[in-house]
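This document starts with one chain, in the form predicted on its own, laid out as structure tokens.
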């Protein structure tokens, strides 16, 4: 029984699931911050929802006998000050953590490696510009969605690709994103990454993946008839396995 509980504890939700009402499990500090900010904001929203619902219910239920409906709702300086200051304070409480997280997610400081992602209609191309082989060439490959009729058991429809982005864990990685034709979007929810791929422009985002696993994403900008056929697959492995993969390229 204990072994079963240990197995359950290490099962992560890194793919979209039907009727899901929450985020995928985080694998980076950025995504952990996004989840924490979401939970904090939802806490304040539920308080506001409960307070407003309680006031409306009581006013409707006892309107003819409720002095609040006559005296304060139509005109009352005290309550007008309260419902102006209180929302402002709540907005400030929400704004400061969100701005801090926003700037932290934009920071790219001394990355250990860089991966360039280029969006095409309708596939991705990846370049590992930090690694050069004996011929002076960088590692480059294209990634296409696996068609439905070629899917093997265990593979995910419209998410699995013929090649994956291989990255080491516990390594500061910079993704440089651009496009060659129309606007695309490089989005991997478990890593907290969502950045536009604009033709003629380079956008960058960083990630520090803290656990091994396979993480899926998709193009999140409508880019044409096969927009749904642009999945992203990231495999995070240990550093020795990553170096072994590099030697095979």
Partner chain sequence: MSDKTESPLHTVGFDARFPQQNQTKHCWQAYVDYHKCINIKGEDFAPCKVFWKTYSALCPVDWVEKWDEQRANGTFAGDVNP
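From a predicted model like this one, the values you see are computed outputs, not experimental measurements. Residue numbers count along the first chain shown, from 1.
The following text describes the form predicted together with the partner chain, which does not appear among the structures shown.
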Response to the item:
None of 98, 171, 163, 155 but one has a heavy atom within 4.5 Å of the partner chain in the model of the complex; the exception is 171
Worksheet item: Using 4.5 Å between non-hydrogen atoms, is residue 83 touching the partner chain in the model of the complex?
Response: no
Discussion item. Please tell me whether any heavy atom belonging to residue 53 falls inside 4.5 Å of a heavy atom of the partner chain, as the geometry stands in the model of the complex.
Written reply: no
Practice prompt. Give a yes/no on whether residue 79 approaches the partner chain to within 4.5 Å in the model of the complex, heavy atoms considered.
Written response: no
Worksheet item: So, in the model of the complex, is residue 131 in contact with the partner chain at a 4.5 angstroms heavy atom limit?
Response: yes
Item to complete: With the partner chain left out here, work out from 214-222, 196-204, 36-44, 182-190 which stretch has heavy atoms within 4.5 Å of it in the model of the complex.
Response: 196-204
Discussion item. Heavy atom within 4.5 Å of the partner chain in the model of the complex: which residues of 19-50 meet that condition, in order?
Written reply: none
